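Only one chain is shown below, in C-alpha cells, and it's the form predicted on its own.
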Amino acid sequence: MRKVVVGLLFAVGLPILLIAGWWVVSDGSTSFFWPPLAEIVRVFPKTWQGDRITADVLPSLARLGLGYAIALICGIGIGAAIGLNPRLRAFAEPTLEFFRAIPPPVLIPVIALFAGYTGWTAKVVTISLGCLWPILLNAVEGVRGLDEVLLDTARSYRLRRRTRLLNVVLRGASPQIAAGARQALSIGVILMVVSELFGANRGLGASIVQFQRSFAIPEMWTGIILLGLIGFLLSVVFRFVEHRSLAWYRGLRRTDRRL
C-alpha cells in the first residue's frame, strides 16, 4: 500500500507543481494573450460542453481511432510479411526509410487534393499514414529479431502457418510492436489536430484555430489543455492494455534477471 501511495505521489507531483507555478505566475496577469489560469479554468466547463463535445471532440477522436486502427492493422501485417522474408526486406527497406523521413504534415495538402479538404477521408488518411511508419518499422525489426531456433522449433513441430504466425511470430515481436504503437499514438494525436487546420470548420483542432482567430484567448487555452488531457488519458489506456497483453514478457524478463 505504501508503495502504491509513493508511486501515486511521484506520478502527480510534477503536474501539481507545474499547475501551481502557472497559477502563481499568471495570477494578476493583464496580458491579453496570457490570461490568468483562474480565468482559463473558469471558462473551461462553459466552452467544452453540449454541442461542442458531440460536434467537435467526439468526431475528432473517432477519426483518430479509425486512422490509428488502420495503421495498426496495415503496419503489423506488412511489417510481419517484410520481416519474415529477407529478400522482400532488402527490397523494401530503403523505400520505407525514404517515406518515413517525410514529415506527415507535409503530405496533408497532397492528400487533400485527392481526398478533398472537407469530410473524414483526408483526415483519416493523414492520421493513418503518420501512424503507419513507426508501427511498420518496429514490426519489421521485431520479427527480424526473433530467435531462429524458436522459428525452426515451430516448423519442426509442424504448427499450422496461422498458429505459427499468431503464437510465435507476432507474439515474439509484440514488445517491439507495442513500442512502435505507443510512438504512433502520440503522432496520431498531433496529426488529428494538424489535419483539422486545413479547411475544416468542425473538430478539436479547428475549434482551437477559430478561438485564436476570434481572439477568444482563454477558450483557446482551454482547447490546448483539453488536448493534453486527451493525450494523457489515451496514454493511460494504452499502458493498461500493454501491461495486460505483455504480462508474459515481463515475467520472462524477471526470470532472466534471476538466472
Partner chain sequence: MSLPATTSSPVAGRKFRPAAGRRTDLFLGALGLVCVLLLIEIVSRTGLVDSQFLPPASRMGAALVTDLGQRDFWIAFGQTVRGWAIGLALAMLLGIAVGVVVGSVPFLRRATASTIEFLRPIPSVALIPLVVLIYGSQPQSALILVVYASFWQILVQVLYGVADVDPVVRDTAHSYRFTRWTVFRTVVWPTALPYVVTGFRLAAAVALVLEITAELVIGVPGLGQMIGVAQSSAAVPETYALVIVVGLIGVVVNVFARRVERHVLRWHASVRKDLS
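In this text, the rigid core denotes the largest set of C-alpha atoms whose superposition between the two forms falls within 1.5 Å. Positions refer to the first chain, counted from 1. All figures in this text were calculated on a predicted structure; none of them were measured in a lab.
Only in words, not in the display: the form predicted in complex with its partner chain, which the text now covers.
Its partner chain in the model of the complex is not approached by residue 68, whose heavy atoms all lie more than 4.5 angstroms from it. Among heavy atoms of residue 106, some come within 4.5 Å of its partner chain in the model of the complex. Residue contact with its partner chain in the model of the complex: residue 57 places no heavy atom within 4.5 Å of it. Looking at residue 48, you'd find every heavy atom of it more than 4.5 angstroms from its partner chain in the model of the complex. The contact residue chosen from 73, 166, 150, 102 relative to its partner chain in the model of the complex is 102, the criterion being a non-hydrogen atom within 4.5 angstroms. In short, of 128-136, 74-82, 154-162, 181-189 it is 181-189 that has heavy atoms within 4.5 Å of its partner chain in the model of the complex.
If you take 30-50 and check each residue for a heavy atom within 4.5 Å of its partner chain in the model of the complex, you get 33, 34, in sequence order.
Once the rigid core is used as the reference frame, the Cα position of residue 240 differs between the shown form and the other one by less than 2 Å.
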